[in-house]
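In the block that follows, a single chain appears as structure tokens, in the form predicted alone.
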């Protein structure tokens, strides 16, 4: 049975706390939701709950980091990027503090709370912050590897997490490095560039396309910023057709980052798949993905349409 990514995050954070006593965790009255409750139970003296005060949350995390600690600041993605946007800009990005912004419930993954709690613009906001590393986690293996990597990395990081229940799509022997994409499947016909849990649907779509005789390549980009420009340029030039897929607005996210890169160096056809300049709504998570054009069949159709236009 698929497991929620937030569960893995909580477990992995607590394990890191055992091996690195510099780690402190700050939360805003959401320890059950963010799963920092695991860290709180094991290390209560290194856990700080500021209550429902997201701007103060970021300030406390930044202050702790100035004492040589590694601050993991936790709340929902929309609260970190919008309500706490000013202190994130000033106290984290501008001040270049060693703060890890752990943003839960990314995309549609808090679906029953509706548009106000869904986070479909967070990547756009965070990638515009100078000096901020932006990561988007797709499966359980990646959450664990990313936590280890951001703990070693000295500087501010935005870590997009999901509440979605997913299965692993990475092999345990895969190398994880901030700023480096991962080729999940090789193929000559179309290049899918994707990020986050939606990658599982892209993989499923690639199987359906293979049965139609269409062999696609999949690059998973866990680091939106800094983008793996060399990998994307090399594979995009080789294949010549690109489809980006993300659980985020098509404005300002992964698709925008890819188009910016290609338009400056190697213009070629790109189809961006994501949420098309609209708010979400309340409903079951998987059904929302389908509703907003991110079903497996939608991905298959996008690929076949791109090839048919060239005939």
Partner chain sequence: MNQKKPKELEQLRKLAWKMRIDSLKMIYNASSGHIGGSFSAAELLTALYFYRARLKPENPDWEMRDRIYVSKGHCAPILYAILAERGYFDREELGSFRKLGSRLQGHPVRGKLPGIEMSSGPLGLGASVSVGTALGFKLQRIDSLVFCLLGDGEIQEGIVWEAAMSAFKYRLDNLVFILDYNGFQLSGSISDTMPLEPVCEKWKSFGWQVTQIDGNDMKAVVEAFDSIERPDYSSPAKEREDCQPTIIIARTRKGYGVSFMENDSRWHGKVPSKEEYERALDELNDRIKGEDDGQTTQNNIR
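Numbering follows the first chain given and starts at 1. All of these numbers come straight from a predicted model, not from anything done at the bench.
Below, we turn to the form predicted together with its partner chain, even though it does not appear here.
> Hey, in the model of the complex, is residue 49 touching its partner chain, heavy atoms inside 4.5 Å?
Because a heavy atom of residue 49 falls inside 4.5 Å of its partner chain in the model of the complex, the answer is yes.
> In the model of the complex, is there a heavy atom of its partner chain that lies within 4.5 Å of any heavy atom of residue 113, even though the partner is absent here?
Residue-level check for residue 113: no, no contact with its partner chain.
> Quick one: is residue 24 in contact with its partner chain in the model of the complex, heavy atoms, 4.5 Å cut-off?
So residue 24 counts as contacting its partner chain.
> How about residue 95: is it within 4.5 Å of its partner chain in the model of the complex, going by heavy atoms?
Close contact exists here: in the model of the complex, residue 95 approaches its partner chain to within 4.5 Å, heavy atoms only.
> Spot the stretch among 63-71, 238-246, 263-271, 30-38 with residues whose non-hydrogen atoms come within 4.5 Å of its partner chain in the model of the complex.
In short, 63-71.
> Of these, 91, 216, 202, 146, which has a heavy atom no more than 4.5 Å from its partner chain in the model of the complex?
Exactly one listed residue reaches within 4.5 Å, namely 91.
> Looking at 283, 280, 252, 59 here, can you tell me which has any non-hydrogen atom within 4.5 angstroms of its partner chain in the model of the complex?
If I apply the 4.5 Å criterion carefully, the residue I get is 59.
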